[in-house]
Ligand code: ADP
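Okay, here we've got a single chain as structure tokens, the form predicted on its own, with questions on binding and movement later.
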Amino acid sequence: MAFCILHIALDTPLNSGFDYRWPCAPGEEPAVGQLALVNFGNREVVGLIIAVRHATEVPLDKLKDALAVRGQLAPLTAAWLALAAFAADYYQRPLGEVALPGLPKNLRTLTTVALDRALKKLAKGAPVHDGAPCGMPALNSAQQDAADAIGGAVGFTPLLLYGVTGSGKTEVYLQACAQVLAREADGQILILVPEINLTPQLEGNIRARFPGVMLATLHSSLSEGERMLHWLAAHQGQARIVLGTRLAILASLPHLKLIVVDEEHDPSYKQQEGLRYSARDLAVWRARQLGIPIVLGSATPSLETWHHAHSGRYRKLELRERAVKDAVLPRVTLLDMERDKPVDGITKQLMAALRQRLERGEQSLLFLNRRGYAPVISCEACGWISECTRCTSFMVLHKPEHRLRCHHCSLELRIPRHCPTCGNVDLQPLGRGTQRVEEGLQQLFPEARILRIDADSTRRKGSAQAAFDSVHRGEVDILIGTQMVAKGHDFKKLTLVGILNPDTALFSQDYRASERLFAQLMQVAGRAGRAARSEGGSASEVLVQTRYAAHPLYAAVVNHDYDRFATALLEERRQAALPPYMYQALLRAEARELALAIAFLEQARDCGAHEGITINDPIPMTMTRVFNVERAQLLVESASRPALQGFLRQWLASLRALKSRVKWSLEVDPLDI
């Protein structure tokens, strides 16, 4: 019987593909982009056909037969395969490690029951949202210009939509999408958001605006069955709009005509495990590959994007005013904690502002990016503190659960009755987390309806959206939250934002810390005053409690002056030869002993000399030990991206040849160093 050779990518770090035989008549070969079931070692696994040949360098008697081909599923397109190949090459990973995890888990199972069920369901007709179409709201002139520029863009056109918080960027996206859908009969649109909790509000807006258009959502909170159904709807072109978090950038969209990346500056777009890709950067590459427009939206663009906009690589569209008539940016005031000493973490001026909003029936938000009750408990008698036994971090006090918890390895312990070192029973919490702030507010304002939203209070599926819905309905007077509440939410009655303890980021060794802090402060400040001020209502206000009121970063926040802040920070980066003026890769090593990790990195450094490449000395990571594993890192830099990529390909071959039991990984364009 005639047969062909299927070159199949598998989810394995060994190499990019393996050859298998498949019996077939000439002209009836499987298609590139189809999935196949094969034996690998002593396991049966699903792989991706990346080439079909009639010859192989492997002796025929050594070849295994492929077990099955998933013929009922349309092949992944050449464009999608090119995207996966680019990601594999750029991030220095085998193709199978990129392509296979990007597919729904149910597609990679040995049986086709889930696939057949989903295909049958979609064959009955694409489910669309029923309801009366929602009219297009009138845009101001800046919004209309931006929507027309996006909707009318032709070919690869990268656009930065730079708009202050509340300037109506979402409405610009929607009206630009309407233009694209009207022009492209089968066109698809991909909209990316940084966090899962931002999808419900935007999903509701899209469904109301496009009731006859199928919308697919892709994020990690979906069940495997839901993800399979939505992925297939996108893959088959039935879903005209796909909304998702970073994993959606690897979705199969055969008719993609526009990409929108909302809050493009957000570090959540960078995957921090496995394939450490940037969804924003892959989105730009995908738009260039397909020759389509891409919109990067933000009130505080990343410095990389800002640099591209000012160098002419991206076109900048600006929204300088809030979209709602009579809604203005909030007044930002710095509260000097050296003069106004806080009580229970709150200064007198902030306390008075909270009371004023309560009396007027308005909402307030207190932002503290630290969950738990207190960062640590300590013994004043001997100096003992609650350190994690498995990590170089502290055990955080979670008072309602009566637990100490490590936020890095998830170790949980009961709160000790006495000091483990000296026996002192008077152990004290140090610092404040959201739980402690909530407790203090309940004592200060017993009549107030107080709600805390953080990772601890929203663990159950759907609890985050239920909490946000209660805020939108006006059932909450004071909201306490972490970064979960800082962006994307439009709270109509919220007129006051209090920011607690932002100073720690000012002294971080991470050179991106000031950029992130400024973005965070501007985003959370933007939650205030998004609606028009009512007669007799309070002016929107942001109060920042700080011990460093003279710091220039806070001056930029007070003036809402991202332009000057970003320009100054870019100049600092240029002088220090840091991104975006330098390209980086980070080699990490993990071992039971720190010396072993450092020794491996020293070997790696010594086998990697190359012109135009700087290889720094290995150092312990900031969080040196996590779950009893010691960690170190080595930074590689170059002023040329192609030179760095060429070096990494050669260097990785040398690293794989090193005999070591150290676990290591390479990250290109690291965000955390």
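We number the residues from 1 along the sequence you see. The shown structure was predicted, so the numbers you read here are calculated from the model rather than taken from an experiment.
Absent from the display: the form predicted in complex with the ligand. The rest refers to it.
K.L.:
Taking the ligand in the model of the complex as the reference, which of Thr170, Thr546, Thr199, Gln584 has a non-hydrogen atom within 4.5 Å?
P.N.:
Selected option: Thr170.
K.L.:
Looking at Thr495, Gln143, Ser252, Thr300, which has any heavy atom no more than 4.5 Å from the ligand in the model of the complex?
P.N.:
Of the candidates Thr495, Gln143, Ser252, Thr300, Gln143 is the one lying within 4.5 Å of the ligand in the model of the complex.
K.L.:
Any of the heavy atoms of Leu139 lying within 4.5 Å of the ligand in the model of the complex?
P.N.:
Answer yes; at least one heavy atom of Leu139 falls within 4.5 Å of the ligand in the model of the complex.
K.L.:
Is Gly166 close enough to the ligand in the model of the complex to count, meaning some heavy atom within 4.5 Å?
P.N.:
Residue-level check for Gly166: yes, a contact with the ligand.
K.L.:
Evaluate Arg530 for contact with the ligand in the model of the complex, applying a 4.5 angstroms cut-off between non-hydrogen atoms, and reply yes or no.
P.N.:
Output for Arg530 is yes: heavy atoms within 4.5 Å of the ligand.
K.L.:
Just checking whether Asp490 would be counted as a contact of the ligand in the model of the complex - the rule being heavy atoms within 4.5 angstroms.
P.N.:
The answer is yes: Asp490 has a heavy atom within 4.5 Å of the ligand.
K.L.:
At 4.5 Å between heavy atoms, only one of the stretches 68-76, 88-96, 321-329, 385-393 reaches the ligand in the model of the complex; which one is it?
P.N.:
Of the options, only 321-329 has residues within 4.5 Å of the partner.
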